[in-house]
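Presented as structure tokens, the chain that follows is alone, the form predicted on its own.
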């Protein structure tokens, strides 16, 4: 009887996970008796995997063997391999270049590249990194502080004592520090597309109703007001006397809202899929892991009226731990660095390293993409859709209010009736005409389709601008 119950749980779990066919998860054995909470991940041109752990180590996986490259760092949360083979890590108090000068496989030089921001020994003052811009600068993002008794400016849950907390910044190869954008809350992941444009995720909390993906642009303000303390025209008194409507007018809206619990709770870095088909049909999309839900989801971008917006679609769940760092290797496999430290995550392990492998032949039935048109949406699939199922689509829309609340529910939620639905001649896409409104999240729910082979059944498109 126990055997049948166990098998039933496996079947139920697989059904709930709704993972794409043809994709599997492989677990990598990490060093024995090491707290391998990965918060930095990169892969070099030889296929060696570099991992920075939150306990302060950097390890290299080379042909199945682990080598401890560095130790003694203070909770690094980002790692990138430079062109000369050195490793640049973002740890809490500084950005550090690690150099193996004697070529013995272990770093012997720990060079302070920059420490021009404030670090006040608050547990929540993370320093995220792991990418370079087109000019060769190293990009980082500084978390706000947290805690009931933390000093400094506190308008809601988070706080700052100054020192560019809540800012993104760049550091030149020579070590020049430049703050570039403000209003970030808990920007746990940085990424870029092939054009070199920069992006970051931010985690739900005060002044952030749900998690987001944003384009990182110089001079922009992304919504959390206490970072403005580092601008000369603001001080504590000024900010405390301003209301949320004033901050709201200043902020830059995200590319996409990431629905809380439905898709993610604590997203990590956006990793662009430029594998040229080695990872299946999802080319030129961002893949993002979530630390809390232990899943990976996709984001497809669309530029409308001069700025990005787009669609969010879940991809794969059932990982052993929370995914905070993603990286594609040369073979097109997607590696996931994992940790549950500090926040609970789904899965049976507190940390680890896994990778997603495609079997190179199976095309799963998935929502491939969603694009806005002038008076409709066009939804693409990886396989033919049954025309008889067109009437079973559910559409809803909502927005997220801006306030100092810690997260916020969907506001102005409403169900929509499609005005017209047209299936393409090849059955691979459909056009849905419905009432369009800017600054709304649209959910397309295919849960009631007769074809149960469709794995992930919802897509969420954030409209910031309409097509005129």
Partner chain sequence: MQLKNILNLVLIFSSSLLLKADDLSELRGQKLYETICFSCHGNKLEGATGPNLKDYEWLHGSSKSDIIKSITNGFPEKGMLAFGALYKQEQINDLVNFILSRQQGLRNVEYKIFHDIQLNDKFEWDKHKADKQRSLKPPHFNPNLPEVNQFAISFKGQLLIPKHLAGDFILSGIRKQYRGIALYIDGDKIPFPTNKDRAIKIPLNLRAGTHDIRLEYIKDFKSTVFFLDLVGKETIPLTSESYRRSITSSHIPKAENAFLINRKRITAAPPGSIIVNHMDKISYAIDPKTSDIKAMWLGKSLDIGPNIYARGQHFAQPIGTHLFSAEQSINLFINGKAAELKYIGYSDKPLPKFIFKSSEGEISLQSKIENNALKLSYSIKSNHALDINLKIPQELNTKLSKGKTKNGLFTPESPQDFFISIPIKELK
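These numbers were taken from a predicted model, which means no experiment stands behind them. Numbering follows the first chain given and starts at 1.
Omitted from view is the form predicted together with the partner chain, to which the following refers.
Taking a 4.5 Å heavy atom cutoff to the partner chain in the predicted complex, the contact residue among 359, 261, 246, 84 is 261. This chain appears without its partner; in the predicted complex, the one residue of 195, 121, 373, 238 with a heavy atom within 4.5 Å of the partner chain is 121. In short, of 60-68, 416-424, 434-442, 33-41 it is 33-41 that has heavy atoms within 4.5 Å of the partner chain in the predicted complex. Heavy atoms of residue 115 reach within 4.5 Å of the partner chain in the predicted complex, making it an interface residue.
Although the partner is absent from this view, residue 107 contacts the partner chain in the predicted complex, with a non-hydrogen atom inside 4.5 angstroms.
The partner chain in the predicted complex is not approached by residue 163, whose heavy atoms all lie more than 4.5 angstroms from it. Remark: residue 265 counts among the residues lining the partner chain in the predicted complex, judged by a heavy atom distance of 4.5 Å or less. Residues 91, 93, 94, 102 are the members of 77-102 with a non-hydrogen atom no more than 4.5 angstroms from the partner chain in the predicted complex.
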